[in-house]
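Here's a solo chain for you in structure tokens, the form predicted alone.
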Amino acid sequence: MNANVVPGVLVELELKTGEILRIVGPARVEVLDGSLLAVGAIYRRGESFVVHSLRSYGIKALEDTKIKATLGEGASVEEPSEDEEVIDDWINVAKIIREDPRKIKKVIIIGPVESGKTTLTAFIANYMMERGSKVCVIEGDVGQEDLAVPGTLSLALPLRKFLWLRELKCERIRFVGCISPSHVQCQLHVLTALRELIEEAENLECDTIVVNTDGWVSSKQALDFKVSIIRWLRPTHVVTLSNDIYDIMRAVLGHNFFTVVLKARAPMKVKERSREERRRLRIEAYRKYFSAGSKTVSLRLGEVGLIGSCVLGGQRISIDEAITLCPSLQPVRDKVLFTSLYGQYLNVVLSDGLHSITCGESADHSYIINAVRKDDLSGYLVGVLDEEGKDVALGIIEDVDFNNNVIKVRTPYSGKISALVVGRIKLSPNYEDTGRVLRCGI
């Protein structure tokens, strides 16, 4: 490279064949002559790409190449030290996958948080597309906001090269309803959703399916979960971004298992996102999703399905029946709007305020009282199912009108809704997922 690089200006750089640079965003890079590799994709003369302010990427000149880089505030062009960048290592991993004789390649990426999983997912997808493969990308991290929104898993069918999953269009979505796979119920939903999305990708006739996963890998439970994903999804390849995880997966799967375990080096320098940046990206993802033509629809309670709802999905009973089961409700009966039974829970929706209510043993049952305010029922993120019970969209519960027996949901979906799936994500009016989640759900 021969240039005096000053952040915040436009610079022209000349790279020799094989030379590697790191671009730290925000920046726009245009190829003036020659060609280069960025995140597995080849950019030729006249083509350009943008590096987001939260990203940094290594680029490699495939021949003598001249580029123009427009650098924003905080951006830079760096010459990495020897072995600091991982492009050549990732090329070798992608080649092994490409040369595998199996017709359909199913690749799962596993690694710790901030180890480069998302970028490696894009790298392999671009590398395979450059060589004629039809690629599907599956976002299997319930906490990510790149392809869809947190609490979901999603599938994209990239039609052109890309650097970040946020550049892709979500084609299929599955509502999971949690943002951490550390709970067993969440793991079950994630595993089921991943299997369905793999089937969707196969139905789309993708010959390469690349699955990104979450960064939960530091405990026995986390590793068991990743092994379960491998067992039930049966990938052709597992690519690890950690030496320790590679050794464990090789030991667990042995040498004769269906899956080939590969090791990719994690980048030594990753532009990590702060907690505030992650919060902002989540808010942006929710806002973007629900600003795209969403509207409020009214659904009749008792007609629309309510999956995962402890309160609204319970067996509805009268206030008199509830008082019979729990006499402690008598003093607040004028504030009771709705009562239901769900297993050992006696659910009570109050018009205002929360009261300390306990139920002793009745003649036949001992119930756990679940008293909630009406306002507590709004803000929950829900999955929207169509007439065939398929995930088609997301929604936000805006209100539950017990007088008219109606639940109001804002959603971009305009077709007939057969059911809502209630998870454990509650959004504030400005789309922050910091709302108080009820112990029994809504």
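Because the structure is a prediction, the values reported are computed rather than measured. In case it trips you up, residue 1 is the first one in the sequence shown, and so on.
Quick note: we don't show the form predicted together with a small molecule, though the next part is all about it.
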item	value
Site test, Arg22, Leu54 and Pro267 vs the small molecule in the predicted bound form, non-hydrogen atom cutoff 4.5 Å	yes
4.5 Å heavy atom contact, Val86 to the small molecule in the predicted bound form	yes
Gly116: touches the small molecule in the predicted bound form, heavy atom cutoff 4.5 angstroms	yes
Contact of Lys134 with the small molecule in the predicted bound form (heavy atom, 4.5 Å)	no
4.5 angstroms heavy atom contact with the small molecule in the predicted bound form for Gly58	yes
In the predicted bound form, the residue from Arg195, Arg102, His183, Arg273 that sits within 4.5 Å of the small molecule by heavy atoms	Arg273
Option touching the small molecule, based on a heavy atom within 4.5 Å in the predicted bound form, out of Gln144, Ser309, Thr339, Thr240	Gln144
Contact stretch among 344-352, 296-304, 118-126, 255-263 - heavy atom within 4.5 Å of the small molecule in the predicted bound form	118-126
